[in-house]
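Encoded as structure tokens, the following chain is the form predicted alone, with no partner shown.
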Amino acid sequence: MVDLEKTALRLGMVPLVDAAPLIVARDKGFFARQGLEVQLSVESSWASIRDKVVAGVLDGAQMLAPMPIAATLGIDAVGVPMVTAMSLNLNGNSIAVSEALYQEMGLSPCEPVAAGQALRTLLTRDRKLGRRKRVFAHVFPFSAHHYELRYWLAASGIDPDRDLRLEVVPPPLMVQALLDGRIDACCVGAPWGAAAESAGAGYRVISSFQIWNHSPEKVLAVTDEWAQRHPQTHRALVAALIASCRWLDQPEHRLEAAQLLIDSGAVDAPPATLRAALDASAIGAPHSGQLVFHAGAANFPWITHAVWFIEQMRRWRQVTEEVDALTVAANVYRPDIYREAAARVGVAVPDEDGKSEGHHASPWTLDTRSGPIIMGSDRFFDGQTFVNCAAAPLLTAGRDPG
């Protein structure tokens, strides 16, 4: 085994189902097999996670995919360069509305175009009647939730900065905020959308899968300084989590994984919602929206995913036009480290660092030197595609429609 610079680690996580790779890696021995002894720290908010990683209280953490980019750009009030060498999962978010708003929207069935049209009609009526702006919550300014919510609203003809008010609420507090009437809707990760339904606080009307099939969600992040001081430990950590994600994506393991989450006590939500979020019966269904932890190169840190997030930051005026998206993305997202770690656990890896988005409505095959990878669909609900011009040289296998 390779000598590690550090073997005892402390990692942060937020109470969400997509923290499962960390819990499983600890409880099923994947960390130990890489020579690591890991303690998990459950944090109440994403800001707490970020601050403790920056302060060195945590060696690394589960983070929202755009967080290390924002930290590196210095737009998060911290300004500490971070890196991620792996994604922890795809999908998992949902937009839930309060029971009152659900009744006003009159949705049946729920799908993004109809829901957007119903909400736009309602907000137009509210404005004419002089009613208060509706409050929609997301989990962090630099989160996939925030950008997915804005993407859906804008594509539906709703100005998220004019027609309603956006607010940040930590995931575990979303259900109570809906019950209290403090917010009218939220975009939040599993299991909190289902927990809102279970508590009678609201209904899920759209999943993040419906907005953008297999969109990136959480990543493993460390500071750039930590990664440089602990290169072998970093690769061992990524290798352990890849193995954990691979185990999680085997359908026969999902019930056991749900029980590990329940037994850990890390996610204080009804056990039924945790089991439902990891239900294996819907895996692979075209529009299941289920959490994906490993299949379809889910763990690969696609640089073009980072570019997409930076373009959303630019669209919503979080960064200026002068930011070089590709350079920033390539500094933060590190497929080179991923490939070295993946080799330790025998996982096929993409040959290219980027891929297009929006061209595939069904599974397709990515041929690589290490073997074919069955990729998931990547369709946006409004039919848009994304191939950043600056990132085009990164693309090969994902460029053509399947």
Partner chain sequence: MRVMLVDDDLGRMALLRQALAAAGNEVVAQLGPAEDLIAAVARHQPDLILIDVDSPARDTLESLGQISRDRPRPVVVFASHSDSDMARRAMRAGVSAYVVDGMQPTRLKSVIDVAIARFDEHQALRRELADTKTRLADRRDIDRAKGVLMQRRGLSENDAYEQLRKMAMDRNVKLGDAARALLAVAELL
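Positions refer to the first chain, counted from 1. Model, not experiment: these values are computed from the prediction.
Keep in mind that the form predicted in complex with the partner chain is not shown, yet the notes after this line are about it.
A.B. asks: Out of 213 to 221, 137 to 145, 250 to 258, 200 to 208, where are the residues with a heavy atom within 4.5 Å of the partner chain in the model of the complex?
C.D. replies: Careful reading of the contacts points to 137 to 145.
A.B. asks: Assess the spot marked by Arg33, Ser87 and His230: is the partner chain within 4.5 Å of a heavy atom from every one of these residues in the model of the complex?
C.D. replies: No.
A.B. asks: Considering Ala361, Val57, Ile374, Ala343, which brings a non-hydrogen atom within 4.5 Å of the partner chain in the model of the complex?
C.D. replies: The option sitting close enough to the partner is Val57.
A.B. asks: So which of Asp263, Glu225, Glu99, Glu111 reaches within 4.5 angstroms of the partner chain in the model of the complex, heavy atom to heavy atom?
C.D. replies: Residue within 4.5 Å of the partner: Glu225.
A.B. asks: In the model of the complex, is there a heavy atom of the partner chain that lies within 4.5 Å of any heavy atom of Asp161, even though the partner is absent here?
C.D. replies: Close contact exists here: in the model of the complex, Asp161 approaches the partner chain to within 4.5 Å, heavy atoms only.
A.B. asks: My question is simply whether Lys52 lines the interface with the partner chain in the model of the complex - judged by any non-hydrogen atom within 4.5 Å.
C.D. replies: It does: once the partner chain is placed as it appears in the model of the complex, Lys52 has a heavy atom within 4.5 Å of it.
A.B. asks: Since only the chain is shown here, I'm wondering whether Val347 would be in contact with the partner chain in the model of the complex (any heavy atom pair within 4.5 Å).
C.D. replies: Val347: no, not in contact with the partner chain in the model of the complex.
A.B. asks: Can you work out whether Ser48 and the partner chain are in contact in the model of the complex, taking contact to mean some heavy atom pair no more than 4.5 Å apart?
C.D. replies: Result yes; Ser48 sits at the interface with the partner chain in the model of the complex.
A.B. asks: Along 313 to 344, which positions have a non-hydrogen atom within 4.5 Å of the partner chain in the model of the complex?
C.D. replies: Result: Trp316, Gln318, Glu321.
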